[in-house]
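So this first bit is one chain, no partners, the form predicted alone, shown in structure tokens.
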């Protein structure tokens, strides 16, 4: 079944590489007009050229309120509205126990991973989605880590857990005009997660997954497409876990 987003306008944060680039490309190839945003202008320009189909871009910090407003304004000015918002941009400046995290890195992680998705959703709602005919969609890129504890990624995972909860809350508040859902990837082969899958590490993780492999960005783009298209028209407030079965892996422990 071919899914289409003809006549839709999509904004993808963190759209210059990895999961964001894959989602933006999938949307553009399916008929949507796409805007990507990311921190670096050269990366955005290269990604937009790769995506094609008239993709536009802006470079800046997604946690900056003025930049976020300017980007949403540009999408509305150039394309007329915003139908789909993908909050994909994320950061992870700290690895270690939460009890030891310094406040600057704690606050940066919260700002980018949790506050920014709310900010961008508010702006898309206020400037376009609220006054539309319905059928709009917000998709948050969370993480399967938000469903677990971690020795090293506790701060990052906490923000992703909060994003799942915010997904449910916004879905309750923004319906029926807007559907709000999340995807929660497991280990995906991206540069962002490279330290977790390089070399033998990735092979060991893949062995523990029932599906026997790590995730690819296309796996997440397909789910984001399903949620944004007509196929997702009766889904809201949900988080789709995409982890190769990692959460249901059989325990290898004894006892």
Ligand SMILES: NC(=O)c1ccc[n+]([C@@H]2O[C@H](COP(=O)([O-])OP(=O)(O)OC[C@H]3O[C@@H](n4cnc5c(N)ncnc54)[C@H](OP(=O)(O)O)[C@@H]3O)[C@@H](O)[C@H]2O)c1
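Residue numbers count along the first chain shown, from 1. These numbers come from a predicted model, not from an experiment.
Just so you know, the form predicted together with the named molecule exists too; it's not on screen, but the next bit is about it.
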Checklist entry - the named molecule in the predicted bound form: within 4.5 Å of a heavy atom of each of 8, 29 and 181? => result no
Checklist outcome for this item: Of 55, 221, 188, 229, the only residue with a heavy atom within 4.5 Å of the named molecule in the predicted bound form is 188
Checklist entry - Wondering, does residue 166 line up within 4.5 Å of the named molecule in the predicted bound form on heavy atoms? => result no
Item to check | 4.5 Å heavy atom contact, residue 40 and the named molecule in the predicted bound form | outcome: yes
Checklist entry - Contact between residue 202 and the named molecule in the predicted bound form at 4.5 Å, heavy atoms? => result no
Next on the checklist: Considering non-hydrogen atoms and a 4.5 Å limit, does the named molecule approach residue 84 in the predicted bound form?
Outcome noted: no
Checklist entry - Pick from 99-107, 169-177, 153-161, 74-82: which stretch has non-hydrogen atoms within 4.5 Å of the named molecule in the predicted bound form? => result 153-161
Checklist entry - What residues of 137-172, in sequence order, lie within 4.5 Å of the named molecule in the predicted bound form by heavy atom? => result 141, 142, 143, 156, 160
